[in-house]
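What follows is a single chain, given as structure tokens, in the form predicted alone.
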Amino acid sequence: MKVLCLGKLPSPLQERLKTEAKIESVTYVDRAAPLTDTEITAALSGMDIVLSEPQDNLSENILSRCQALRMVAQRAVGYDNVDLEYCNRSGILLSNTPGVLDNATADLAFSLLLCAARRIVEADRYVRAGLWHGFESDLLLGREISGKTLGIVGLGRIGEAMARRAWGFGLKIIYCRSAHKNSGTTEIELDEKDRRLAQSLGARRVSMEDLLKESDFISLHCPLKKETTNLIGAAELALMKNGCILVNTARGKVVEEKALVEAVTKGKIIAALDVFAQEPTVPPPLLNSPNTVLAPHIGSATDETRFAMAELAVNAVLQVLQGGLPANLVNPQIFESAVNKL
């Protein structure tokens, strides 16, 4: 087996791969920016397994040229950069890293909310620029969050972790779990999860339309897929309250970027973003706007979490090589046929 690791891997995990009897070689390709299609195709040539990250484009066009490839171990929860349908058709196993980055990502999402509400980035720049000359009663006035309403779009593991933090800060929590834009105001049939969240956090499940209208702050935590691409567009942004803070630590393409830029530049909303539609490119209007707080896709960027993600990916690879079925395999339905080719 020849293994390719795109990006850094902690030394202890490198040693584990090195000592696996079935692995002939491990090649490391570090990069500060995404590889071009030509570069990633060349790197994948002859490889049986690849450890990838969200910036690695593993489209059908790329994967179809890599006939030896049998497994993609994605070091992230999301795998929208990997063509899952092609993997299923071609017998390529795909694993991801759910569960280990919930708290880190929710921490960052809540930090972005606090930064935007209390104008912390502006305040930091103000002090560093030598503009602070003493106490002023109206200097950099922000917004209190206690008692306000937070709308959470997507109540998976990370969304629920965000809800727990919001509850601790005294926010009212509403959420929607449907990916459909026009869910209307029809009555929602609650399930056991909804009842548990209502009891433990006072959280209320609503339609997307009601969430957009009622929320003082909105945090996006849905996965990127066909149904959620451009989920938040011009119509949805128009429904939001003036001055609503929109936090996105999910994926950039969940929000229609052109509409987002317009809403921010017109002062309709404040955007607190960790992700962008065409990373690492950020539209200049977002860079130059006072109505934005921006981060470079660091939702899971803690020492503990990044190690845990890499470890989960390596464990999946080693388990597959030993003939075992990893719990974090995205396409377990092809396991029996695919594992025989390894």
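These numbers come from a predicted model, not from an experiment. Residue numbers run from 1 along the displayed sequence.
Not on display, but discussed next: the form predicted in complex with a small molecule.
Within this chain, residue 258 is remote from the site of the small molecule in the model of the complex, having no heavy atom within 4.5 Å. Taking the partner from the other structure, the small molecule in the model of the complex has no heavy atom within 4.5 Å of any heavy atom of residue 91. The small molecule in the model of the complex is not approached by residue 145, whose heavy atoms all lie more than 4.5 angstroms from it. Using a 4.5 angstroms limit between non-hydrogen atoms, residue 70 is distant from the small molecule in the model of the complex.
Residue in contact with the small molecule in the model of the complex (any heavy atom within 4.5 Å), chosen from 253, 157, 172, 165: 157. Think of it this way: in the model of the complex, the small molecule has a heavy atom of just one of 270, 176, 240, 115 within 4.5 Å, and the residue is 176. Contact with the small molecule, judged by heavy atoms within 4.5 Å in the model of the complex, is confined among 120 to 128, 261 to 269, 134 to 142, 228 to 236 to 228 to 236.
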